[in-house]
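The chain below stands alone, shown as structure tokens; this is the form predicted alone.
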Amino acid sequence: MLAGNLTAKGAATMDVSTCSISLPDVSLRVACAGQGRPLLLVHGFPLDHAMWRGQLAGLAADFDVIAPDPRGFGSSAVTPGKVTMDGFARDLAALLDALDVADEVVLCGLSMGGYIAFQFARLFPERLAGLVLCDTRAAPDTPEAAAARLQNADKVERSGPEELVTGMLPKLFSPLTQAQEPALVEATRQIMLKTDRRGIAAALRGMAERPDARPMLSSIRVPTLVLAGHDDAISPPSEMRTFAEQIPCARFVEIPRAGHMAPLEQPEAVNATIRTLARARAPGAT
């Protein structure tokens, strides 16, 4: 069962299998559905793979959908201290090896998952068939934002995630979702509250020192979608459009009636856009 019983709008009945995969230094929980080109989904902070319920349901006919919980999240093992975006990306490569996925993958990351996707693209470009950068940022934290993350990491370790979650939740969803889908918002809150405080703190410290992805944008050569919720207050569409313009093979798409959680708020619109990558090829490919 998907964590938190979080049901996305438009979700259909689906055959999803979940299992724990042992990597050299961590065990990751993974949900899988469908067949075809591998689609690797990396969720945002501090959530779990249940946020991809609409994609596991809606894209299984087009892709072999793989939705892991990175270390520290969901039912995956926790690494206390700090986990960098580089470290998360290396976990993804090890997970693909463990699952015997030899084909190039379409990698879709939301928010923190986008930070991880940038590092995967830098470290393992030969393993990519396409990228979906969803409600994320290419720029690093400002010094002030990084300092706030470090303070929050210490605070969460001491006192739990309640204060952090209370501050984040209103920024995640569009006003329409908050007004019309209170059960969805509450289910998301419950998932965030259940996330291990050590995992939250470790990821906060890793995000605080993530590298600037902007210098690598022009070197991304795979078909890329940059998806932005129209009402995203965390990763504004104007900012995402600007970095999309620097990726040679990128297409920018703004998702109406969605905020920072566009795949959860408007799964059918997001899925329709992702399906275009099933047919896309990099320039010059045969």
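One-based numbering along the sequence shown. On a predicted model such as this, the values are computed, not experimentally measured, just so you know.
What comes next is about the form predicted together with a small molecule, which is not displayed.
Mapping the unseen interface onto this chain, residue 53 falls outside it, with no heavy atom inside 4.5 Å of the small molecule in the predicted bound form. For the chain shown alone, residue 121 is not a contact residue for the small molecule in the predicted bound form, no non-hydrogen atom being within 4.5 angstroms. Using a 4.5 angstroms limit between non-hydrogen atoms, residue 149 touches the small molecule in the predicted bound form. The small molecule in the predicted bound form comes within 4.5 Å of no heavy atom belonging to residue 76.
Distance criterion of 4.5 Å from any heavy atom to the small molecule in the predicted bound form singles out 234 from the list 32, 249, 26, 234.
Contact with the small molecule in the predicted bound form, defined as a heavy atom within 4.5 Å, holds for exactly one of 156, 112, 131, 89, namely 112. Here the chain stands alone, but in the predicted bound form its contact with the small molecule, taken as any heavy atom within 4.5 Å, falls in 112 to 120 among 112 to 120, 182 to 190, 92 to 100, 211 to 219.
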